[in-house]
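To begin, one chain is listed below as structure tokens, in the form predicted alone.
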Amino acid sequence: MSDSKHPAGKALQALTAAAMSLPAYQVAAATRDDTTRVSVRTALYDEASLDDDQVASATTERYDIEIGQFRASTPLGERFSVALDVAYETMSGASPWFVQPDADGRPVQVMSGATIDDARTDVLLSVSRYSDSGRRVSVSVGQSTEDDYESQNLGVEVEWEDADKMTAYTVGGGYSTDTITPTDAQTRFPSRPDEEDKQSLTLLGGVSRILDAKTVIQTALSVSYLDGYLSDPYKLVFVDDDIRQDTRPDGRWTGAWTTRLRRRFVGVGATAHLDYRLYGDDWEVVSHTLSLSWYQDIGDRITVTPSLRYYSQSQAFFYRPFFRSTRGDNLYSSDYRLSPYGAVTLGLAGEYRFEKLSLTGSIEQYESSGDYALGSVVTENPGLVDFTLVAVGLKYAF
């Protein structure tokens, strides 16, 4: 069984892919990188087992993912550049299935069992054109495939500068269409759909400003609309002593405001990254993400980066660990990703640079809990996840 909506899926790919190319200090100018670069990266994602008293099934072990990534970028002619990103994942283990009350009315997690055995391949091709006036136009096209899931996406982004070269503006949009064909539908689990699809549209706009020789700030706003099958076919819900299929609204408006500050401290040879993200949607989920990273240079060849990230969210309006009575709108989910909780991530990364080759490595420890949430959490979901992410990589500049 695959779990295509697992939190370590596309979000994890995006985070690790970004880490392959993210510099420690960025400027606002939309200028072309005239160096050909190749990066490879491998990562291991391991979820901690649940405690015995949290589960009502024999399985306490969870999800493991092995990730391989490749990125290549090069200038093309006088005005173009092209980049190719490829990611391959293998996934195995067990996933939270549904939550039920125990004899004392306390929520306990029922796991799927070690039935997840899947692979995912993602390919993204981007082409950018640069003008003498400081304008960049980028078009990207991508596809993601796994045993039960297929997605195609298209994106467009335009960036341009003010005459003083101190401010840059970005506008863009993206569209994706996804099709899911759940495994074991109409055989072992007849309540699962045979095939469903969804579409999403995202619009964004942002401004970057060089405040001085050492400081850059960026703020951006994005709005998305998702339409179609937004439920999780692999999740069930305990409702009034019955087990039902996870059922969510077929539309979702989301909005996110992100602000990033980059500050160079020349005296100590370091760059600070401070990021804040506010997210909200019409499922009544509101989240806050605050991240701090410190890129510390040690000599000319080594950079060490400790990081801290805090996250908190409220719950969706149709979420409960389990339901004692039916809802009039027939919307139900006990998915821990829609529950109220908070999370803390501690990270440490390093890079060693030769003349053209760089070696990179990182480790992150993620812990989530109802106690970490900004608001009061009356009943914590027993399926909240803790995980460790370890990665190593190579970068080569021609």
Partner chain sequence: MSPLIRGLVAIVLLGALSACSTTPLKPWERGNLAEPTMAWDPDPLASQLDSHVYFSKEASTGGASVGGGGCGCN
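The model shown is predicted, which means the values in this text are computed figures rather than measured ones. Numbering follows the first chain given and starts at 1.
The next section is about a form of this same protein that is not shown, the form predicted together with its partner chain.
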Its partner chain isn't shown here, but in the model of the complex which of Arg135, Lys214, Arg324, Arg327 has a heavy atom within 4.5 Å of it? Lys214
So its partner chain isn't shown here. In the model of the complex, which residue out of Leu204, Val239, Val108, Ile116 has a non-hydrogen atom within 4.5 Å of it? Leu204
Is Ala103 close to its partner chain in the model of the complex, meaning a heavy atom pair under 4.5 Å apart or at it? no
Counting only non-hydrogen atoms and a 4.5 angstroms cut-off, does Pro193 reach its partner chain in the model of the complex? no
Can any non-hydrogen atom of Gln54 be found within 4.5 angstroms of its partner chain in the model of the complex? no
Can you tell me if Ile67 lies within 4.5 angstroms of its partner chain in the model of the complex, counting non-hydrogen atoms only? yes
Region of this chain that lies against its partner chain in the model of the complex, out of 74-82, 271-279, 239-247, 127-135 [heavy atom, 4.5 Å]: 271-279
Can you list, in sequence order, the residues from 243-257 that come within 4.5 Å of its partner chain in the model of the complex, counting heavy atoms only? Arg252, Thr254, Gly255, Ala256, Trp257
